[in-house]
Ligand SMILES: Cc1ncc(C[n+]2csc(CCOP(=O)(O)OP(=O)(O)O)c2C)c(N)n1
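Shown next as structure tokens: one chain only, the form predicted alone.
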């Protein structure tokens, strides 16, 4: 189980790093939000789901998509605006959708995916499905009103909804203490609406997957839950760069010490798998990512005739 999880986390990390490098070298200026540092959350949550459970994401959802079983080539093509992208090149980094793996969409408008996920969960309940909907949001999105309305609706209608709050301590470059009163208490807010609340170490795959697995049986019975995963975002809010000026708890040293990918790698070595075996796995994944980028670079753009197809109007 650990090696499979590591493969997924390493794939997300390497894909992001190679894409960041490609963006810099080729001066691609379109908006992109990298997920580096938060891999344990996406993989931990999605490893606890059934194949037919649904996932919704946000502006930082490359990791969510790949963890749900998304196709790497489709994702890179989408970032490059190519026809074979997951949204046929019309969505870009922040509007990915792939119903073949039940990744039902990512939306860049902050917190907008949360009320949409309520609608998905309501449809599942209406049709007596035993599947659930999962939505990922950040700590900045949690401060928006639509989230509180969604918490209320989820308990009012007893929705099979799991909300994953990825708290990386910052919204763009503003820190929690700059945005929230000293009395802010996420657990009290969530439980005040009647939603279950659990806190996890978002830099630890085993902590995330273990707690999500405990929550899900009740979520399937219509008891919505929110899991807050504390984590570190390694890169800048947007773009293939780093910024360190406003870092406090999440300094470079702290990020390295709590790096989720390095932590699970060490656990694999401790389990008896040799360094050479791990390196072979890593080299294979690096090659896969390189090939996906080359494939996307050579892939065709959408034809003019398809300008108005595959759109919601």
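Residue numbers count along the first chain shown, from 1. The shown structure was predicted, so the numbers you read here are calculated from the model rather than taken from an experiment.
Missing here is the form predicted together with the ligand; even so, the following discussion is about that form.
- Ligand-free form, site status open: the ligand, modelled in by superimposing site C-alphas onto its pose in the model of the complex, keeps every atom beyond 2.4 Å of backbone and C-beta atoms.
- Shown alone, this chain has one stretch from 77 to 85, 152 to 160, 121 to 129, 102 to 110 that lies within 4.5 Å of the ligand in the model of the complex by heavy atoms: 102 to 110.
- For the chain shown alone, residue 263 is not a contact residue for the ligand in the model of the complex, no non-hydrogen atom being within 4.5 angstroms.
- The ligand is not shown here, and in the model of the complex it never comes within 4.5 Å of any heavy atom of residue 183.
- Taking the partner from elsewhere, residue 196 is found to have every heavy atom lying beyond 4.5 Å of the ligand in the model of the complex.
- Using a 4.5 angstroms limit between non-hydrogen atoms, residue 240 is distant from the ligand in the model of the complex.
- For the residues 247, 255, 59, 267, the 4.5 Å heavy atom test against the ligand in the model of the complex is passed only by 59.
- Between the ligand and the residues 139, 207, 228, 98, the one pair within 4.5 Å by heavy atoms in the model of the complex involves 139.
- Of all the residues from 168 to 207, those having a non-hydrogen atom no more than 4.5 Å from the ligand in the model of the complex are 168, 170, 171, 172.
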